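Before any questions on how it binds or moves, here is one chain, the form predicted on its own, in structure tokens.
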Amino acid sequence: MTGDKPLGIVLIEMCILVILGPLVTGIIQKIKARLQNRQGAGILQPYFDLIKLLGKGTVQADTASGFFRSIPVLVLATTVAAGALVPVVQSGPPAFPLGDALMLLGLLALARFLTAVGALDAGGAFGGMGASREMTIAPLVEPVLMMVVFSTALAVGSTELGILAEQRGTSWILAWRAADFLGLAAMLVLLPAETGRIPVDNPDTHLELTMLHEGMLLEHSGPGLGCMLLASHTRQIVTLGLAAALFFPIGPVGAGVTGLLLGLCTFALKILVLAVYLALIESSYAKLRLFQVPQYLGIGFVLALMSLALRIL
């Protein structure tokens, strides 16, 4: 379905997500440090890390194939493409059809698959371990996210995120039912898993007994590692943007400069609230053992299933 949202606005929104992705990570790290009575690095530290990595050389395993070098670019491109499907400053469908929430989840799944392929291609022990664990967790997260999307889409009649945000409008909280609360609870359970954070994963460690996503990143270096880190930051803010579009669509929809600026501020406020939530979860719980993660994700599955069942009934 096409609408009046210009393609230029879509591209601007995509660039905003890429630019703000590292900032969200820096804010989460800063909040965690304060909650743990530490000074912590500045919120701009992820940008400095990316700049440093882009200026370094590349070290590649002898067992890696030629396809290994293209993995970081493909992962980054796929994640950035997913960002084009998230409404940021203006709701409504774009004038040029790009895709919906299901395509967004498919692009994120493709990026996860490419990351695992790159880790396995290098032939390292850490990369293979991280890839196997990541592919074990993925089937427990992605289908449940689709169920949450389906549950919300049934209330509107479309899986297009722009239409979802526009249809629910500013009176979204008045129209909430039990299915909405269950879907939101499922999304809050899944957010730490999809963003690679405690209690499912620990982004601040490189220990082989705890790492999932980080184990796959260790196979890359230099600009390649920078692309992978930027893709991780972008994936995180895209996931938070997906949750905001599904359950917190309130915000300006005007096409004027003032409306776009207010829309950007509203989006930033919603992302900040979700970032604080992730920081609080990481500071309040310890990482689960790998065999306990399915039990934790099972809670999200039950909540999403109940939400979808209530919509159908």
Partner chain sequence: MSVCFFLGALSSLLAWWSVRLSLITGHLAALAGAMAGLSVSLGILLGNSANKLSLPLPSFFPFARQSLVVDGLSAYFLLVISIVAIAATVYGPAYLQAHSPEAGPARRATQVLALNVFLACMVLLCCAGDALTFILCWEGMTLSSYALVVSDDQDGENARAGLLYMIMTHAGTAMLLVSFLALTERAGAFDFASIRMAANGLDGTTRSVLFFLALVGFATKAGVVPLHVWLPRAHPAAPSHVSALMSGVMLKVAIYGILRFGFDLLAPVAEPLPPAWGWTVLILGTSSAVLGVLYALQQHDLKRLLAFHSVENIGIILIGVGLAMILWRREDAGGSLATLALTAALLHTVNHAAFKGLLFLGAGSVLCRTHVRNMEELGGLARHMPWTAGLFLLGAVAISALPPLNGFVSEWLTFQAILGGASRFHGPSGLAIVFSAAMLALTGGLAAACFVKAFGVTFLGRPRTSHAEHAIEAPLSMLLGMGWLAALCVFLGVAPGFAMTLLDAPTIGLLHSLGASAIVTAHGPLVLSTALATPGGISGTTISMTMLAILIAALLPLAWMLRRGLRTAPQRVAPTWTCGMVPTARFDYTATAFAKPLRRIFAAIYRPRREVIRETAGTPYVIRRMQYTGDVVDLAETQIYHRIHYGITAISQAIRDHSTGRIHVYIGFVLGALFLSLLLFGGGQR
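Just so it is clear, the structure is predicted and the values come from calculations on it, not from any experiment. Residue numbers count along the first chain shown, from 1.
The same protein has a further form, the form predicted in complex with the partner chain, not shown here; the description that follows concerns it.
Contact annotation for residue 67: at least one heavy atom lies within 4.5 Å of the partner chain in the predicted bound form. Interface residue remark: residue 298 is not counted as part of the site for the partner chain in the predicted bound form, having no heavy atom within 4.5 Å. Taking the partner from elsewhere, residue 286 is found to have every heavy atom lying beyond 4.5 Å of the partner chain in the predicted bound form.
Using a 4.5 angstroms limit between non-hydrogen atoms, residue 256 is distant from the partner chain in the predicted bound form.
Heavy atoms within 4.5 Å of the partner chain in the predicted bound form are found in one stretch of 184-192, 197-205, 236-244, 101-109, which is 101-109.
Exactly one listed residue, out of 229, 89, 179, 84, brings a non-hydrogen atom to within 4.5 Å of the partner chain in the predicted bound form: 84. In sequence order, 117, 120, 121, 122, 123, 124, 125, 126, 128, 129, 131, 132, 135, 136, 139, 140, 142, 143, 146, 147, 150, 153, 154 are the residues of 117-154 having a heavy atom within 4.5 Å of the partner chain in the predicted bound form; the partner itself is omitted from this view.
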